[in-house]
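There is one chain below, alone, in structure tokens, taken in the form predicted alone.
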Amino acid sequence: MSLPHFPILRWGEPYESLDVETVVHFATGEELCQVSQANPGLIARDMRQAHRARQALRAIPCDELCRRLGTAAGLFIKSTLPLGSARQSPEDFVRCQSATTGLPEHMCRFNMEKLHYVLTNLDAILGSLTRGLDRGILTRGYGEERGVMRSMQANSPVLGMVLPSNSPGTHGLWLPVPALQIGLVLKPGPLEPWTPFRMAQAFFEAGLPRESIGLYPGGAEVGMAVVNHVPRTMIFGSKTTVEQYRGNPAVQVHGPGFSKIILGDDCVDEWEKYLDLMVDSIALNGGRGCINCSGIWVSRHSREIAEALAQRLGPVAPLPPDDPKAPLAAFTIAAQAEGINGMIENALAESGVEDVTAKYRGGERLVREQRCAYLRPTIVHCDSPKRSLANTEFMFPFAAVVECPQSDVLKAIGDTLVCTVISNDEAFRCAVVDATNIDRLNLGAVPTTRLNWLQPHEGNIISFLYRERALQSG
């Protein structure tokens, strides 16, 4: 039986390339599908027609687009949909996604539900992100609101997305875009073509214009072509990628989160009350997300906290991906896990750093299998923010418990995507609110992994895709 074949979608129209990549099961090597590969020249040619995507979406009112996307949510999570040249049920989707990303199946289902939530709550989400703007102004480009003329100009007819393979939950960031009457140019992660293709088919069956979506699988050069030819692009990458595009208004970069929990001086003596919150923040979704906590910062009790976390997380070991209790995601490229393990071991040679989980693990951190590898949870204790592991992030449940005076902590933590601050000290809370190195702020006992989709994530998508300008009429 032939493998399902994912074509390129050139504004909704399937296009099979002579250049094809075969995607295989991370553990068995079983061939699962073939994916047509785009090239930079194809991107350059197709972007000449990008304006048609916005034209097709502007012909449909924003409220109607929200309704259709809500319909697509039900199709995505419940229906059998086209899979390239075949068809795929939701359960088949979960198995395939797990088989190529290494994420356990129950985590894949969780991420499906998260995407379903975004699409079924778009009206409230967009209402919050636009501060209640009359969406007809997005369609016309101008309009009167509360007696004042307002103009919103699209920065691009389409949004480019250079997507990763590590966590399907990142797809929630682009789902609202068609409701804003902006088309999509998607470059899937090489190991995770499943979500973009399935979601596109759900969009089409729900009545979104086919010409509003382009889907271009391929290598790194295709991702660069999307960045170079699409006026607004969102990409995911390393700290180096973040630095490369810092200050470029056309590119929104989602890099490492370095997310943290800070226990204030007035609450740190009661740290046991927050142990479950810390464990969940570190380990949810296999520790793969930028919103997973990678640092617990306290002025005292750091060793006791590290010990308690190590007792909870140290014994955690890999389970098969179809096990409903599987806690860890596989590294589908074993060398990546081996490299990370080596980095940690080298850093542990530094004075003032200790792997507290080692004595609870009952084995090595690195678990090698025939075609993949796992990294077991690791909690390190750092006696100072100056230690190299004090502000580090890895794609598995890893966190440093760092001892640091409260007076120094806001400078010492560096750039932080999500910061949960547990303190009732009003002066400290005021300083936290003013800290420009914190993106998403949780005041109180809120896990770093709890997202509120009514709040912007690393920048408001509205201000990225539209600019407000002055407009007067005579």
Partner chain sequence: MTADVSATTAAPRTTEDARRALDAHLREIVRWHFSPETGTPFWLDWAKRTGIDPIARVKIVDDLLVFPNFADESLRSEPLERWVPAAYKGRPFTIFETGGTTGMPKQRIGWEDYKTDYEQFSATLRDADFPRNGYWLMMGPTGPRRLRLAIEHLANYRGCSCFFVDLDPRWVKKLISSKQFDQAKAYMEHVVDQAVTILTHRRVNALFTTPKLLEALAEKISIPDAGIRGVFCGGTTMEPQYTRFLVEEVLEGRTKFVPTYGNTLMGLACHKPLTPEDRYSITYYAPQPRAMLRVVDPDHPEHVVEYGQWGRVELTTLTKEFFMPRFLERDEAIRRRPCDLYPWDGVGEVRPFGASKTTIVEGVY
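Remember, it's a predicted structure, so these values are computed and weren't measured experimentally. Numbering follows the first chain given and starts at 1.
If you look for the form predicted in complex with its partner chain, you will not find it shown, but the lines that follow are about it.
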Quiz item: So which of 27, 445, 44, 431 gets a non-hydrogen atom within 4.5 Å of its partner chain in the model of the complex?
Solution: 44
Quiz item: Taking 174, 201 and 210 together, does each of them reach its partner chain in the model of the complex with some heavy atom inside 4.5 Å?
Solution: no
Practice problem: From the candidate stretches 414-422, 63-71, 33-41, 431-439, select the single one in contact with its partner chain in the model of the complex, where contact means a heavy atom within 4.5 Å. | Solution: 33-41
Self-check item: Touches its partner chain in the model of the complex: residue 455 (any heavy atom, 4.5 Å)
Solution: no
Quiz item: Does any heavy atom of residue 16 come within 4.5 Å of a heavy atom of its partner chain in the model of the complex?
Solution: yes
